[in-house]
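Encoded as C-alpha cells, the following chain is the form predicted on its own, with no partner shown.
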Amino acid sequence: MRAPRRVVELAAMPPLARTYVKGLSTSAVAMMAPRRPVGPDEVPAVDLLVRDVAADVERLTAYQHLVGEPAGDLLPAGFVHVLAFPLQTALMIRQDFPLPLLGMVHLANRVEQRRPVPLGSLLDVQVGARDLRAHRAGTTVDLVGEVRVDGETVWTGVSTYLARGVRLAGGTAPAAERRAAWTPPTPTGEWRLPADVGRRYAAVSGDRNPIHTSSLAAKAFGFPRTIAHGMYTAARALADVGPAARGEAYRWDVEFAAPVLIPGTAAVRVSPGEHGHEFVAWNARKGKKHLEGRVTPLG
C-alpha cells in the first residue's frame, strides 16, 4: 500500500539557479551509474507548497512584452506557470524523485485558467508528481500544479515530462501510433526568434537550462545550436489566440514535437476550431511540426 500524500510547506520559492546546479550535477553522477528500472510507485508522495507568492510587476511586464501578450494587470496563464516552475524543479531534484533532471524532455502541458488573476494577488502555489508511465522512449511523469487565491483554485497545470532511456519496471509502453502524413496548412503568421530569445526568456522565467542559453550545452545534447524554451513557444501561441478569443476562463493544451532552433523562424497557424481555437507551429522549410494545441473557453 502506498503511503498517504503529505504536504511540505516551504518558507519561500527555491532559487532556480541554485536548484538547477544541484539537480544537473546530481543527475550527471546518477547517469554514470548503471540504470536500474524505476518502480511504478516510486514517485514521491509529497506536494511542495509555498504561500503568499506575489508577482513582480517588472517581471510581468517583461514577460508580456517578450511573448506578445498585451500589457495589463492580469497574469497570463503562462506567467502563472512561470511562478510555479521553481517548485516543479525543486521536486525533481529531491533524493526520492526517481528520474534524472538532466536530459528531461517536456512533452505536453495542460492548463486551466479558471478565472482572471490580478497583479497583487497573493498566491498559494502547490506542486506534486503523479503517475509514472511507460513510454516507448523511457518513462513519463506528470508534475501537477495548483494555484489558489484566498482558498479558491484559480489555476491548475499538468506538465508531462519524459526521462529518456529510463525503463519502468513491469510497464508496457503503448505502441507507436501510425499517423497519417501531415501537410502544413496555410500559415496565418510567422515567428522570428532572435539569437538572444533563450537568454531573455530565461531571465523572466528563471528557467536557465543551458540547452536554451549555451550552444556548447545544446550540442552536447545533439542539437546544432540552442533551442527555444517549449513554454516560450507555447506562450507565443496562447498570445496569438489572444484574450478576446480565449475569454477570462479557458483551458490551454499544447503538445511539443520538434524544438525550434534559435536564431530561427517558425510558420504559425491560429484558427477557430470546434470548441475554441487551434494552433500549430512548424518549420516551413522542412514541413516539420514544432508544437500544436488548442485553447478552449470554459463555462
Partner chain sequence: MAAPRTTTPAPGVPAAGLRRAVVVGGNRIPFARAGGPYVRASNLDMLGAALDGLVARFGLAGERIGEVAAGAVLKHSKDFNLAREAVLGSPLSPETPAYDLQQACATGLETVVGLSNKIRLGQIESGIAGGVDSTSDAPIVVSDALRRILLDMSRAKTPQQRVATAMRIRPRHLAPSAPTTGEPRTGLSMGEHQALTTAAWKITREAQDEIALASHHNLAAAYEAGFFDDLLTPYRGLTRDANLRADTSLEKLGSLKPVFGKSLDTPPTMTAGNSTPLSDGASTVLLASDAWAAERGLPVLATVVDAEAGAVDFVHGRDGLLMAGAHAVPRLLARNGLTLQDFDLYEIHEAFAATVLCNLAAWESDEFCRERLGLPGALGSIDRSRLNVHGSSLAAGHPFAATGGRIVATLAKALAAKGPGSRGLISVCAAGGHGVVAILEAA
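Positions refer to the first chain, counted from 1. All of these numbers come straight from a predicted model, not from anything done at the bench.
Below, we turn to the form predicted in complex with its partner chain, even though it does not appear here.
When contacts are judged by a 4.5 Å heavy atom cut-off, G39 does not count as touching its partner chain in the model of the complex. Within 4.5 Å of some heavy atom of its partner chain in the model of the complex lies at least one heavy atom of E190. The shortest heavy atom separation between H277 and its partner chain in the model of the complex is within 4.5 Å.
Taking non-hydrogen atoms only, D240 approaches its partner chain to within 4.5 angstroms in the model of the complex.
Residue heavy atoms within 4.5 Å of its partner chain in the model of the complex occur in exactly one stretch of 225-233, 129-137, 110-118, 181-189, and that stretch is 181-189. A heavy atom within 4.5 Å of its partner chain in the model of the complex is found for one listed residue only; from R199, R148, R94, R167, this is R199.
Distance criterion of 4.5 Å from any heavy atom to its partner chain in the model of the complex singles out V270 from the list V254, L60, V270, L48.
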